[in-house]
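Next up: just one chain, as structure tokens, the form predicted alone.
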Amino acid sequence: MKNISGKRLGISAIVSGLGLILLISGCALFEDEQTAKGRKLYHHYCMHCHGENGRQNEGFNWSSMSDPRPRDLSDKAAMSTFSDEEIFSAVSREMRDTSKEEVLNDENYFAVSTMPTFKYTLSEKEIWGVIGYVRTLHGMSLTYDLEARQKELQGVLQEAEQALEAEKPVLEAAELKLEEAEEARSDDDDETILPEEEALEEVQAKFDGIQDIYDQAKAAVDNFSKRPKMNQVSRPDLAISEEELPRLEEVGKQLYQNKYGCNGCHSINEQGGLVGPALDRAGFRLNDTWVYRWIRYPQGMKKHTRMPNLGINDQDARAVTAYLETLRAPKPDQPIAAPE
């Protein structure tokens, strides 16, 4: 009897221990593979602002950010009002200037500059994984059909490929007709535009349009499961006239604050985020070519950096680089603390 009682006590202790583990882990043991990957990505890219459990003032960077601060991802009443697609649209979007009225008034745009886009950093599937994990923070689950999405993208690519293959013989035939017409043309008619030239231009324009559709469909299929990649950014020529420089610096400041939300992660004069290094003395400490290349393609400079690729074009990168060159605060009495 004593042995049986002891076994029962031992089993009860094991069950209770497992229950405690599950409670502490937030049922992570029952996550599917996609959500588990989303949790890891969330912890790397999102937790410093949104917090480990999605609660406000939980992430170390939350209190340093400007309003509107990150929303409470654990609030089911609020988060249940957003569809999976709407959350995806916020996480994967083109960055726009939030100082413009048309951007602020666009109901279909998430107009908070300090929330970065991950469109150019993560694959579409990875972003859906993050959203799936975010859903668990307020007791819901992802309902978006990823398998159907992948099939849809593959179907569009297949149709574009078939259209492209069908148009190739038409283009080749038009090129052959023009070649034959040019051979038959007399020397006196060299300046005359042949009907075959005009016909080829129309066929070429149609072919180029189909090629563009195919290229976009191919990129969409690739980006569904693979992270977007850029070619290594080449060394830029950042020379600019003294007359143009003040205007470019002002544009860069505007972009820094209102379009790309750099102040969400970086601080100037102790105002701004704590994720990245303080930029008070960027004009002294940083090489402008290095800054430009980092802004254009962070992962090309440091593969696992937390800084996402924001899709900044050449013109904007030049302006932000020019603005950062103006930041030349006096050397502090105490060393600037490293970001957490």
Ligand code: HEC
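No experiment lies behind these values; they were computed from the predicted model shown. Residue numbers here begin at 1 and follow the sequence given.
Although it is not shown, the form predicted together with ligand HEC is what the next lines describe.
Proximity to ligand HEC in the predicted complex, taken as a non-hydrogen atom within 4.5 angstroms, holds for one residue of 160, 153, 115, 178, which is 115. Among residues of the shown chain, residue 300 is not one whose heavy atoms approach ligand HEC to within 4.5 Å in the predicted complex. In the predicted complex, ligand HEC lies farther than 4.5 Å from every heavy atom of residue 54. Although the partner is absent here, residue 37 sits far enough away that none of its heavy atoms falls within 4.5 Å of ligand HEC in the predicted complex. Proximity of residue 305 to ligand HEC in the predicted complex falls within the 4.5 Å heavy atom cutoff.
Contact annotation: ligand HEC lies within 4.5 Å of heavy atoms from the stretch 81-89 in the predicted complex, the single such stretch among 215-223, 81-89, 231-239, 161-169. Of the residues in 33-55, those that come within 4.5 Å of ligand HEC in the predicted complex through at least one heavy atom are, in sequence order, 45, 46, 48, 49, 50.
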